[in-house]
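Coming up is one lone chain in structure tokens, specifically the form predicted on its own.
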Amino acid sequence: MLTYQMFIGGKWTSGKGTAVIEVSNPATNEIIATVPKATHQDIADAVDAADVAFKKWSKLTVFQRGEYLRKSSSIVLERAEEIAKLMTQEQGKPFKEALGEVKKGAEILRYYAEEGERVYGRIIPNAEINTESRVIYQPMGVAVSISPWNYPIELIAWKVAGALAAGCTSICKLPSETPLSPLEFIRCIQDSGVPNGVINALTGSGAEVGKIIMDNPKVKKVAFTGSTETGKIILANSVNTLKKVSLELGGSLPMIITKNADLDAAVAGATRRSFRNMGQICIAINRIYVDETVYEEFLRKFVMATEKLTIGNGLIEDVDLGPMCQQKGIEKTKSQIEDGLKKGAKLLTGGKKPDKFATSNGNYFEPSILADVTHDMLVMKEETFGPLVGVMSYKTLDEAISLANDTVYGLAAMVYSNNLSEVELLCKELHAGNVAINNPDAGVINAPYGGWKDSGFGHEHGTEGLFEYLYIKHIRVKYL
């Protein structure tokens, strides 16, 4: 069994306490490692270390900080396979998916190394003679990143890279389910030579660590990815210290397929975005609305494509899907299937543990499709975060838009159509922060990514993701 430590103030440490958190392999549910459970003092030490380091880090030029990030990126790439194996063991996703995520983390570090060099101010003319206004941007201070287990490195990289490039120092609250690969990612950043305290990592109870961090006035910014319910708690806890908070929260992604869609492309997109990472993605497709004239054909092709997906232990097999990270995700998926069947839906495929894993302790579950669903079913109202999607037909685009927008969430939406007028209408009328047209990926690192409604506010990715960590300062000058 592996024993990992936290990283505070430039040192690897087991912390001030003795309690630990066990990390299991979802392919077998065997315990593979332990990490410390941070105490109140550990959390305070991390904040103090980051606060002290900020004074030096923020004074470096953006070019100097960029060199550290570029070196970090290179180290991540050198260690990518080793880190990816850890991720597969703790999270469950196949090795090839984990390796892609680690490389994406390296790409994000390099992107923000360069984006940091493009923080430009402005000169604004004034009405009075010899007077002008200048606008400059300055780093906020200590920034905390709280990320979930479904993408252990990519989601922490979004936050850390933007914060460090902006001149902030960083404390990472790592997910208890998957702390190992992000700890190794953070080791790469420290091994680039950044000053002690610039990057810190805490492991422990999210509820406990989060509350203590939110109460600490030295923390100036918190970026959180996770459930809407937890996001609301974090926002409420920010009131006393008026921290800047950005929240990337839950979703219930609708996909609209019109009669003018390339049906094969739509099927490929639906298969990938519904079931990749076993549906454990904030922008996984939850709901599919298909024009009634192509509904039956889409279902037939969708089922065929889904049943071709291979499932197994992605560390020892070349498969499309691994186990789910947590057993409770399987239980939620099952409950939504049962609810749909009781209310008249049809289960076209899936709905159970794969036969070859019938006696396994692993968290395996087949990708599942419910057809002929209605909006009173849980699968169409709740975020599943599992390998299940509901499909229903529609008569008019207005009906499809109304159904797609009938949710408290607004993170992303997806459209397949080759009709320009339909695309123009849908991309403007759908209530979501991200809309993907004829492709299954609604996010790209150099464009802003954020949600509407109960899916949160603030942005990651792009220039907007960097400016989340910068204060705006107006300077009005009269030249004598």
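Everything numeric in this text was worked out from a predicted model, so none of it was measured. Counting begins at 1, following the sequence as shown.
The same protein has a further form, the form predicted together with a small molecule, not shown here; the description that follows concerns it.
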Just checking whether W149 would be counted as a contact of the small molecule in the predicted bound form - the rule being heavy atoms within 4.5 angstroms. yes
message = Can you work out whether G92 and the small molecule are in contact in the predicted bound form, taking contact to mean some heavy atom pair no more than 4.5 Å apart?
response = no
*asked:* Quick check on E383: any heavy atom within 4.5 Å of the small molecule in the predicted bound form?
replied: yes
inquiry  = Residue-level contact is defined here as any heavy atom of the residue lying within 4.5 Å of the small molecule in the predicted bound form; does L411 satisfy this criterion?
reply    = yes
In the predicted bound form, the residue from V239, I129, A207, I123 with a non-hydrogen atom within 4.5 Å of the small molecule is A207
Note: exactly one of R287, R273, K173, K243 sits with a heavy atom within 4.5 Å of the small molecule in the predicted bound form, namely K173
Per contact check vs the small molecule in the predicted bound form (non-hydrogen atom within 4.5 angstroms), the hit among 370-378, 294-302, 226-234, 343-351 is 226-234
The small molecule in the predicted bound form reached by all of E248, G251 and Y449, non-hydrogen atom within 4.5 Å
yes
